[in-house]
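So this first bit is one chain, no partners, the form predicted alone, shown in structure tokens.
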């Protein structure tokens, strides 16, 4: 919907400069996010197939599981995920502050440079340059580039907030701001290293301390990027699309601070039964259980926001995706604290149950809410209708089927692995060898491969649908809703 004119008087009353929101950079980042989604999901499907047919690597190092798996995770998180977060942050911060982006050229530079960084980083992983840390595999030159570009992202975002025309800072900006600040801190500290060559370095932290710092980073990358950032997306686009205010704004603020202060301590639950102090493990477990409260408070807030818009939910595929993502968010944030309990973790640790948990969040929460947001956002960026609502509805059911099949397959595989590895014979030795247990996983892995193919096909369908929606249409120029005039007296 077109909004009222905003103009600034420069020099005299007849010299008006009209300001528009900077949405071209949003459009660019949305399309980059879609491209990375397809590429990184394709890599994921390929490595899923390699677990069934190892010969698919063809003895070529670039096609090995170890290299492609790192490409898959980095492509999804930093290509698909961060591009989507930048796009939605730039879009929503302008509208919640009633001002255009403060530094549009820097926003463009950050967005474009980020894509080249993801591409170069992906190629370096395929070439075997790997720091060995989960979600932080890129070597030190790429770490420096990521830090610089992240600072630029923060400059654009926070400078825009500083120029806002509305005094309150809307809750979505709290989550986006938390994402930017905490991820910068996590990335810089965890990436501290001593370079040995141009593409090899060694961590600044020794032994067990390195493990603690890594999972302080690793779990909070999930927490503040894949959870907090996407909650910022939810708090803007869900009420906007449902055409309803947030059910409880107070609850959203309380949940934000509870989320922020509890999540940061949860990382050690990845290190149960390892060589770190027992009190650190117990702290991670305790804070993980506390984290259930703000997580479910947010889910309830979202569900109650849309509870009076069920009729729209029946016909609108974008809203279907967003609401379904909340259900998976609730599932994943219940399962995570439960898996942090030591008596549960002894079964789940090092098994495919963890993979199922990760993907119930990654596919069901992150991808679903991004898909729904893009179906809502893209037609508005170009001032037209979605190319095919029927394709979007088909994509919804494919995404749901793919996610459910994937999660069920990995739950089955993981629980089976955990119980079989703990099984002892009459003299106290393992009843089953690792090789025998993994050989029995083939049916589960076949089901996961089918699930991944279904989910990937849906993502390809969405990319085509949105590309056709954009095709031949320029970005709509939208003006902020206030009219302000600054008179310069002679």
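Positions refer to the first chain, counted from 1. Predicted model only: the values in this text are computed from it and were never measured.
Below: the form predicted together with protoporphyrin IX containing FE, not depicted.
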query: Complete contact of 227, 349 and 362 with protoporphyrin IX containing FE in the model of the complex (any heavy atom, 4.5 Å); finding: yes
query: Contact of residue 121 with protoporphyrin IX containing FE in the model of the complex (heavy atom, 4.5 Å); finding: no
query: Distance check, residue 69 to protoporphyrin IX containing FE in the model of the complex, heavy atom within 4.5 Å; finding: yes
query: Contact of residue 337 with protoporphyrin IX containing FE in the model of the complex (heavy atom, 4.5 Å); finding: yes
query: 4.5 Å heavy atom contact, residue 65 to protoporphyrin IX containing FE in the model of the complex; finding: yes
query: Segment that reaches protoporphyrin IX containing FE in the model of the complex - one of 217-225, 172-180, 85-93, 242-250, heavy atoms within 4.5 Å; finding: 217-225
query: Heavy atom within 4.5 Å of protoporphyrin IX containing FE in the model of the complex - residue from 345, 191, 201, 281; finding: 345
query: Listed residue (151, 145, 358, 106) with a non-hydrogen atom within 4.5 angstroms of protoporphyrin IX containing FE in the model of the complex; finding: 358
query: Within 4.5 Å of protoporphyrin IX containing FE in the model of the complex: residues from 285-312 (heavy atom criterion); finding: 288, 291, 295
